[in-house]
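Coming up is one lone chain in structure tokens, specifically the form predicted alone.
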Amino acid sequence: MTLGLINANPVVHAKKERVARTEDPHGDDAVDPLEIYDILLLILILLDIRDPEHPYSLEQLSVLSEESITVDEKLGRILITFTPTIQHCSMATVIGLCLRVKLKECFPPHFKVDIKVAPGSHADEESVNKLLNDKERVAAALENPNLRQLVDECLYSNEL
């Protein structure tokens, strides 16, 4: 067992098998199939982000799921709600920063992105949400070289 981990024994779930969807869940609205593909690809990319403490993806730890990612192309909004593995998770802001950086890389800047911890899932929910949705605080956090290195390791690790 590694010393210093906040959650030394997380529950690990199997990765969900994904099947391409053939029907539009929004009904008769005409949506470009490439847009749907891009959104689904984004979801897969986000689910494969590695946890900062463990060699598992956010999906495997049930921190993030398909259902917790909402994309509204018409309004240009993305909402991600994630659930830390424990209430006092010190890595919640790092996870949120990883999500924000990846979304910034994958989506045009006109999209409004909201990243939040699931209600009641973190002891300091309000301040985590405030940091993750404040451009200046996010920029300042990412200027810290150690924090930026941790974010990059989570995003670009090939260990999964």
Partner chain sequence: MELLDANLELKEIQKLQGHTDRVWSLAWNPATSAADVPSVFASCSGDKTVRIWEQSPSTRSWDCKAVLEETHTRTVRSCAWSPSGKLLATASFDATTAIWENVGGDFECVSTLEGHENEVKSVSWNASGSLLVTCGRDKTVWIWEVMPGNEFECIQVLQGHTQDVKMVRWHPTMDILFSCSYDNTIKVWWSEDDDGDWSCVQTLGESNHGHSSTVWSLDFNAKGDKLVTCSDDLTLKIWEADIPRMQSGDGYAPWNHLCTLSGYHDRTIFSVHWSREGIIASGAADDAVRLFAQSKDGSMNGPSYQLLLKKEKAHDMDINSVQWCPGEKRLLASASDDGTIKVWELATLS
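Numbering follows the first chain given and starts at 1. In this text the structure is predicted, and so the values were computed from the model without any measurement.
FYI, the form predicted in complex with the partner chain isn't displayed, but the following is about it.
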Discussion item. Check D114 for me: does it contact the partner chain in the model of the complex (non-hydrogen atoms, 4.5 angstroms)?
Written reply: yes
Worksheet item: Heavy atom to heavy atom, is L46 within 4.5 Å of the partner chain in the model of the complex?
Response: no
Worksheet item: Hey, in the model of the complex, is P109 touching the partner chain, heavy atoms inside 4.5 Å?
Response: yes
Item to complete: State yes or no: in the model of the complex, is some non-hydrogen atom of R148 no more than 4.5 angstroms from a non-hydrogen atom of the partner chain?
Response: no
Item to complete: Quick one: name the residues from 109-142 with any non-hydrogen atom within 4.5 angstroms of the partner chain in the model of the complex.
Response: P109, H110, K112, V113, D114, S127, K130, L131, D134, K135, E136, R137, A139, A140
